[in-house]
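First comes one chain, alone, set out as structure tokens in the form predicted on its own.
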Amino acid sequence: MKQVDLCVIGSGPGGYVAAIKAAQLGKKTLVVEKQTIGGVCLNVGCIPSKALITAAHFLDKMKSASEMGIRIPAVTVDGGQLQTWKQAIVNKLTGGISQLFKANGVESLMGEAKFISPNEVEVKTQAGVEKINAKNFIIATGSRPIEIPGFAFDKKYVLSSTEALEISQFNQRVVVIGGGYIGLEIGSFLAKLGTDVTVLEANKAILTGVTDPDCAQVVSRKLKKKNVKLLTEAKAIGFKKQGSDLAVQVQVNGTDQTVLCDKILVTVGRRPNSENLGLEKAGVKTDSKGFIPVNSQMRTNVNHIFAIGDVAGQPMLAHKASREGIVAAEVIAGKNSAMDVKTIPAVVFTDPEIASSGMTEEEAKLKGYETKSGTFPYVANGRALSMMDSDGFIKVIVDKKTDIVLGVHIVGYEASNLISEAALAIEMGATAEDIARTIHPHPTLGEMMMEAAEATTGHAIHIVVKPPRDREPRASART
């Protein structure tokens, strides 16, 4: 039986980060991985999807280059080469994790782990079963796509996000069930690469509950411009083969419709991978949805067993998992560490991108804040115009009494790279005045953050903003 200080089950962005941090802090660490080092994010999620999104963006730019006077002959897409390029990126990153394990003295074992007691797991490997005894465990087993009745994943007609990222023939018709961030990210790049895309969303609007509604509207308009069909208040009932077509039965506002397609992509959410781990043998409890409840130190109800990432609950974000992994590793190493953050930024890689940090106006009001906000449009920014990406805006939401920033929501080009300033501002308790008085370089997209902050008082320079009715001096939170 192998003896270690820490056994990490799962090597995704939570598990591998936790393992490396624990090893750096002097703990003998072993990682057990069931499938592929790097988990869902690196292999069939974050990284490959962003590679394909980037390729689709390049193609889209080529098509509009004539506006600049650049004439490009007819451009074709080699789907096989695109997939080869995507996989090369994945291989480089997963190989990098293996090198980091080696450099930091982290041992890895490929196999399926299952608790047989609070301090032991059995790992089923290709060579047989190996037992691991550990003083501490971190469960980082992630999540998987949810199936819905009538649309079981068969990898031929009905696809999960995993199979959708392997598509190399783009002259097809695809129905996307679910207008959340995964479905819209994949649907967007497929449409740009030549796929006929129809999105079915059960709610009245896409990205409901995911982001600021004003941001979602911008994406909705852009999708329609790219000929993506959006059916809201639409419920997928089932499908059947109809010659060479798939006929999807849909109820839209209570009316039955049929949508013909070649493939069906189901993206209605993800569920935690907490089954088949033998948690009952370890005494670890799960909630009604299969998530493992944890405290601020990432401890489960069993003191020496921790859980991080998707399996530990919402939000299901890679960067949240990584931070939780660091916290868990530090606690195991005896440090006084806890998951204590004001905001976890989130990004939706649609076209245009959406990035959010902190509260929406509705959330702030529900928490008792009296708010004011400032918005600055991309179309008023010189850099955005010169890049031919002028759709969108930045919205800054502040506490009217203190001027402290409560939330920032961006929809537009490079929103994913702009949101970090907002996250820092919220985490440090900055005011809109702090942002507005910070000199931002010109000409850049970042200037819009400064202008949006100024717009909260009606004083933005490069747009006309109606001044606040009270015209009271701005309160300072730093007196």
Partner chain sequence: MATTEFKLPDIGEGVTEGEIVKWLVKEGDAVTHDQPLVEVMTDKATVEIPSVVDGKIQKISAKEGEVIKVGGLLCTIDAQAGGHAAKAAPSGQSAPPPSAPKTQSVMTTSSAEVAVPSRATVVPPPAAAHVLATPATRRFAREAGVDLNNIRGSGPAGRVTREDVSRATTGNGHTVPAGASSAGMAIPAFKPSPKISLPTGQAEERKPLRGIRRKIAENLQRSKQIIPHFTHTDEIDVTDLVVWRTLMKDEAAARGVKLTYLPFIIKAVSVTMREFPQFNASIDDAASEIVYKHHHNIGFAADTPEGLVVPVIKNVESKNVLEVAHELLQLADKARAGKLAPDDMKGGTITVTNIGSIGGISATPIINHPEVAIIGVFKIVKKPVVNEKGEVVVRDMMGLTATCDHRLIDGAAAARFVNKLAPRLSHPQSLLLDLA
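A quick note: this is a predicted structure, and the numbers were derived from the prediction, not measured. Numbering follows the first chain given and starts at 1.
The same protein has a further form, the form predicted in complex with its partner chain, not shown here; the description that follows concerns it.
In the predicted bound form, no residue of the candidate spot (R173, T195 and A455) has a heavy atom lying within 4.5 Å of its partner chain. This chain is displayed alone, yet in the predicted bound form one of S337, S390, S98, S168 has a heavy atom within 4.5 Å of its partner chain; that residue is S337. Of the residues L366, V75, A127, V341, just one reaches its partner chain in the predicted bound form with a heavy atom at 4.5 Å or closer; this is V341. At the 4.5 Å threshold, heavy atoms of E421 stay clear of its partner chain in the predicted bound form, well away from it. Within 4.5 Å of some heavy atom of its partner chain in the predicted bound form lies at least one heavy atom of E427. In the predicted bound form, H57 stays away from its partner chain, with no heavy atom inside 4.5 Å.
Residue contact check for N276: none of its heavy atoms lie within 4.5 Å of its partner chain in the predicted bound form. Residues within 4.5 angstroms of its partner chain in the predicted bound form, judged by any non-hydrogen atom, belong to 428-436 and to none of the other stretches in 411-419, 60-68, 35-43, 428-436. Using a 4.5 Å cut-off on any heavy atom, none of the residues of 191-226 reaches its partner chain in the predicted bound form.
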